[in-house]
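A lone chain, given as structure tokens: the form predicted on its own.
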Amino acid sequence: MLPGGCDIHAAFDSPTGLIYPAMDTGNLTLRTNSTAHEILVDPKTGRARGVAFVDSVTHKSLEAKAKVVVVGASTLESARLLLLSKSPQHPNGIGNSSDHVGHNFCEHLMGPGVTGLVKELVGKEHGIEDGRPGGFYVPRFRNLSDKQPGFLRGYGFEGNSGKSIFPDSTDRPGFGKQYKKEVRDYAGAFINMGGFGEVLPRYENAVSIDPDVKDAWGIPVLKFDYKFGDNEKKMAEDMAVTAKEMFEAAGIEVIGVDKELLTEGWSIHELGTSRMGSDPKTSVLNQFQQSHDVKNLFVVDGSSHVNASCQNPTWTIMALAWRSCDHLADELKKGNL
């Protein structure tokens, strides 16, 4: 059994799956309590030469030199770091000759969904854990073959059912013994699902460095110019209607329909801001998540995504990062970096 996970890595986390194995190689130095605020630039070549950071405990400024700088701070923090890293060769931020760093920010659209009750399961005995999977996923079906009027792209549904400690509906009658009976009778009979849609990437949806506000370590924070458009609002309307239709078609009693679109940023699946592409004029990174402008700079998180799709992005982020690392290793062996 591995610390914090399991022997087959089903319960994945970065320390268990990535950091511990890397430390075992003897080639990793891990420095905690460190807040990076600038990618350092060689004044002669314009290449990245390391990272400047602040010790978050002592507030002391330090530097780490590097032959190659790999940024993986998550989409928003990576954008902040690139934009803060200015030099005569990079007046708009390192790797930002295209002026696309911070732009094309996108995420996932959430909120609309449905809650239902499977009547034939009410009153049935359920153990605390019956061994049955309760989660399910409905893949995207909009704008695959038939064009959907009103919006581009599409969404899927993520849902769950099964045993819960208390009923999803809080209006169950009773108190004390009667209330406990209601909880037992209805446990395992509820089912719900929510839409998970794509937010279109738009240049005007962007983050930039706030000219006035700084964080606890004196580093300027991000300012957001980001909002959902008509496409997202139309998609949200369709989510609610379709979710209700699906439950009704399955013979599930609909006890609640959520139509409200959750506020921007709710999904915490931030993507874009350093988009990948073949044209350095309209993108920041190449297919290996390597900066067009600075060959020894890589950005290996969700920054490179050109859109959000409607799926969870983590596995795609990790697969692309793996490919980038393989490419980096090959380039170092060849002496190209």
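Bear in mind the structure is a predicted one, so any value in this text is a computation, not a measurement. Note that residue numbering follows the sequence shown and begins at 1.
Omitted from view is the form predicted in complex with a small molecule, to which the following refers.
With a 4.5 Å cutoff on heavy atoms, N231 does not count as touching the small molecule in the model of the complex; it lies far away.
In the model of the complex, no heavy atom of S309 sits within 4.5 Å of the small molecule. Within 4.5 Å of any heavy atom of the small molecule in the model of the complex lies no heavy atom of M276.
The closest heavy atom approach of S85 to the small molecule in the model of the complex falls outside 4.5 Å.
Think of it this way: in the model of the complex, the small molecule has a heavy atom of just one of A66, L30, I268, L62 within 4.5 Å, and the residue is I268. For the candidate set T242, N192, S208, S74, a heavy atom within 4.5 Å of the small molecule in the model of the complex is found for exactly one residue, namely S74. Contact with the small molecule in the model of the complex, defined as any heavy atom within 4.5 Å, is confined among 39-47, 22-30, 295-303, 276-284 to 295-303.
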